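As structure tokens, one chain now follows by itself in the form predicted on its own.
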Amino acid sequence: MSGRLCRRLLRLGCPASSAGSWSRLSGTGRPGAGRSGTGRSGLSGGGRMNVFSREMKQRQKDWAAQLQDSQQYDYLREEVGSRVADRVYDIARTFPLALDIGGGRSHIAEHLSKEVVERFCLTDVSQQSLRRRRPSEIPTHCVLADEEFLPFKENTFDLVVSSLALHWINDLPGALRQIHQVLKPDGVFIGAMVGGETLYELRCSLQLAETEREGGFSPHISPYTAVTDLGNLLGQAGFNMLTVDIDDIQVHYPGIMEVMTDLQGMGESNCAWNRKSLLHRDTILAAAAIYKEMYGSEDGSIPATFEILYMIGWKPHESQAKPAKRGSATVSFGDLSKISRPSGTDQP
């Protein structure tokens, strides 16, 4: 199912921040781990990929959270957060303790009730985002911690959720293993992240414009995970009973400048080490013209597509259903053709 959101139709009013308990944790989820900081792209000291600057992402999110009109840029997070909450409601159980990874202003908890989640733990790398979290009826404890290094003990949470945060993780397989580790047996992870086709209109327009005006192009849109890889990553992390699905959300904007302004207001600007810090004015004008010519709508607006990947994975437990052993079937598929039709059935 695809959704269409209108940037100009936004809820009015900024929810007041509610009180909650706080922790500042600099510990890591595994011995010897620390904040990524090689200062360049490539491999970090631990041998893992270092594509994104986590310090830059923290500054971007802090800056966006402190905008006076920051609530008007929450429309995408609100929509995806509500869809993650819907998937939580689909599970017929109550979760005593849940963790929201990279939750920022808590766009998932506001859609949940105490009958579903009794207590919530909200983590984010941005202190300003946590300070401005949205009110919720669920008792919430805020933890300032990097999503790449979860500072929690094994078998702690009954539910782990994440919405639009994992695409900035340098070591996604390692992050999924940490999520699996902090879950209790028979616990469930429900997450949403942007996929590889996100903002393809903006990416193509910038590449064509930069190639025409400057003789080559630099990456301006961060690399994203492909849906074909997500199931394998969850399985390698130890999850079972996997579910992965895609949802395209298309937002219409007046022009390319509004697209980039809103991405900045969301705290979603590119933070890759190899990003190009500035765009020439001629390149931006050319990209705007290409964008409108290739993708423009009849009403003069331009679309921006966000491909959202949803994932559900369970931590194994002996109570869960298991597939039958190979060769244990008592009926052959070949025998299906021998089943006679009920009497009175019309023949073709």
Partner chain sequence: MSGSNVWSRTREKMRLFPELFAQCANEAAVYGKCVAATTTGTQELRKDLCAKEFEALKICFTNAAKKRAR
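Small disclaimer: the values here were computed from a predicted structure and weren't measured. Residue numbers count along the first chain shown, from 1.
Missing here is the form predicted together with the partner chain; even so, the following discussion is about that form.
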Just to confirm, I312 within 4.5 Å of the partner chain in the predicted bound form by heavy atoms?
-> no
Is L263 close enough to touch the partner chain in the predicted bound form, meaning at least one heavy atom pair within 4.5 Å?
-> no
Would you check, heavy atoms only and a 4.5 Å threshold, whether T211 touches the partner chain in the predicted bound form?
-> yes
Given that the partner is absent here, does V51 sit within 4.5 Å of the partner chain in the predicted bound form, heavy atoms only?
-> no
For the partner chain in the predicted bound form, the stretch among 304-312, 53-61, 318-326, 289-297 with residues bearing a heavy atom within 4.5 Å is 289-297
Run the contact test on D90, A92 and E118 with a 4.5 Å heavy atom cut-off to the partner chain in the predicted bound form and return yes or no.
-> no
The unique member of M241, I246, M257, A226 whose heavy atoms fall within 4.5 Å of the partner chain in the predicted bound form = M257
